[in-house]
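There is one chain below, alone, in structure tokens, taken in the form predicted on its own.
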């Protein structure tokens, strides 16, 4: 059979399950993903879906259809995700970057532009729980002026992905900028000071929020980057806000992504640590999504 016929049949036979695992999926989307995944393996792609295909167990086409039938996120199948005008490598060791997190990047760049007007020193930025590195690398690219950046994560495997992304995109930001990666929990042991700190930390309560999570996210994305146990949730963020407050210069800014159901409570927790200038920002769906704390 021709590859196009095989793809059509696969979609018809699995449509209900595919639509459950991949909201908005359609036949054309599957063909586009398959085409983009496989074109590096073929010299001539003009007749891509009109060529006959003989099923081979370990062939990328079979692996692609098997991964789809299991519900593997498309980004983990292709190994990449577009975020803030760049292509980032991803793996099951890191969260898949979401479009709404681009708002955090935009807010961070706005803050850095304001800092740039009132100091001649190179601005220093830290990203806590960096995962794929999409936030700090996008800030480096979007700001366009020299920065000193520290990206931290508790997972060495995640940092390997972030370092690969930085290597691939290093020529897209000023050559004099500095981007370091360090394996650490929050900012424990760090004596550095920063003008801006960002974070997309784990913010889902492991027990009470579990039913609100899409099954695909629960099964495939790293729980270390998603969940905090309910009983330590408030204390964990108290410690985060404490570390951040200690590590910011006077008038420094912290921007974090959070859960729409918990941001108001987290804002109240920050007030216990003398954060008095606080703000909650909504995402594209008008839900509470980002907390900004100013020292």
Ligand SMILES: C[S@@+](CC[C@H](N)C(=O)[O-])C[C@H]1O[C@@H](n2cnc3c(N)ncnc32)[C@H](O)[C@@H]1O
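Positions refer to the first chain, counted from 1. Quick caveat, the model's predicted, so the values are computed rather than measured.
There is another form of this protein, the form predicted in complex with the named molecule, and it is not shown here; the text below is about that form.
Of the heavy atoms in residue 185, some are within 4.5 Å of the named molecule in the predicted complex. Within 4.5 Å of some heavy atom of the named molecule in the predicted complex lies at least one heavy atom of residue 200.
Among residues of the shown chain, residue 212 is not one whose heavy atoms approach the named molecule to within 4.5 Å in the predicted complex. Although the partner is absent here, residue 155 sits close enough that one of its heavy atoms falls within 4.5 Å of the named molecule in the predicted complex. Although the partner is absent from the chain shown here, 95, 135 and 224 each have a heavy atom within 4.5 Å of the named molecule in the predicted complex.
Shown alone, this chain has one stretch from 140-148, 69-77, 96-104, 170-178 that lies within 4.5 Å of the named molecule in the predicted complex by heavy atoms: 96-104. Although the named molecule is not shown here, in the predicted complex the stretch 234-250 places heavy atoms of just one residue, 236, within 4.5 Å of it.
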